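Taking the form predicted alone, here's one chain by itself in structure tokens.
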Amino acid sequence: MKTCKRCRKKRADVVLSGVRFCSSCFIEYFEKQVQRAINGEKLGVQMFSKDDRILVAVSGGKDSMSLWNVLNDLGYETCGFHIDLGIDEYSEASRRVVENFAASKNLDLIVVDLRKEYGRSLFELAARDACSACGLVKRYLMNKVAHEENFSVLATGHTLDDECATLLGNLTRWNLEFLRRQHPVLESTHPKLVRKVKPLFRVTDEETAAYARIKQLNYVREKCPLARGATSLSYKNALNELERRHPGLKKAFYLGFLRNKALFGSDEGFELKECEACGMPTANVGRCAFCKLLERSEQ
């Protein structure tokens, strides 16, 4: 019997990058990685404390459900936030998973239904590029609800894999504006912009899957139909192959970027305005991108 490399007593039932864990030791490891991220280790800034009210964006997938569960287990005050995008059976299943979890844990949950709130599903809002519109809608509504409901922090379930794929994409395009903004902690730069954090940036997709399995979390296993063919998936596949050959490469890649982030310059001095229609922060003159999207969908 192969035993856990930590306690060296129990049977190992989780193997990640050749490292064997028993279930209890893996959960301890996972929680420690999340707590290290929250404490700001290697970041120089704490994400939040037990005094903060945290709005957790939950899609129903393994990463966001794992985030909500681990923050709850670590004793933080959380409320879930879910957007029903109206993507047929996928959105129905996602909403059901999130609502059932909230009910089982007696946790607060805020749901925004696009059809009920704005009279249109995501597909009806986006004439052509639904995937791009989805990101725009999510970013806008997450911040809007966090601000209006007086949450001090907005937490998303982005993992190390997500951050590495985004970093690789930004580097291949030399998108300096995005490279300057990429960080696990995005501070508020406007009174209506809530601090955004990524407490899972130290753990991988594989690790959140193992955590969800051990914790017996129900989550939507089907990939979003809009994600098919997404460039980020190609980047993830390439990084996974590199990680297979060189264990630890992803963490070294991303943490190295954070250490040398100053090389890409600073985005300080960039002033946000307020949308003339909704009043939310925007880089645009006049209406924000979300209000423009609504306007185009009416035409």
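Every value quoted in this text rests on a predicted model; they were computed, and no experiment measured them. Don't overthink the numbering: it's just position in the shown sequence, from 1.
From this point on, the text means the form predicted in complex with adenosine monophosphate, which you will not see here.
Chemist: With the partner left out here, check for me: in the model of the complex, does some heavy atom of residue 145 sit within 4.5 Å of adenosine monophosphate?
Modeler: The answer is no: residue 145 has no heavy atom within 4.5 Å of adenosine monophosphate.
Chemist: In the model of the complex, does residue 59 have a heavy atom within 4.5 Å of adenosine monophosphate?
Modeler: Contact with adenosine monophosphate, yes.
Chemist: Spell out, yes or no, whether the shortest heavy atom distance between residue 66 and adenosine monophosphate in the model of the complex is within 4.5 Å.
Modeler: Contact check for residue 66: no, nothing within 4.5 Å of adenosine monophosphate in the model of the complex.
Chemist: Does any heavy atom of residue 81 come within 4.5 Å of a heavy atom of adenosine monophosphate in the model of the complex?
Modeler: Yes, contact at 4.5 Å.
Chemist: Counting any heavy atom within 4.5 Å as contact, can you tell me which stretch out of 167-175, 117-125, 214-222, 137-145 lines adenosine monophosphate in the model of the complex?
Modeler: In the other structure, the partner sits against 137-145.
Chemist: Among 194, 203, 210, 85, which has any heavy atom within 4.5 Å of adenosine monophosphate in the model of the complex?
Modeler: Exactly one residue meets the criterion: 85.
Chemist: Do any residues of 156-193 have a non-hydrogen atom within 4.5 angstroms of adenosine monophosphate in the model of the complex? If so, which ones, in sequence order?
Modeler: In sequence order, 156, 157, 158 come within 4.5 Å of the partner.
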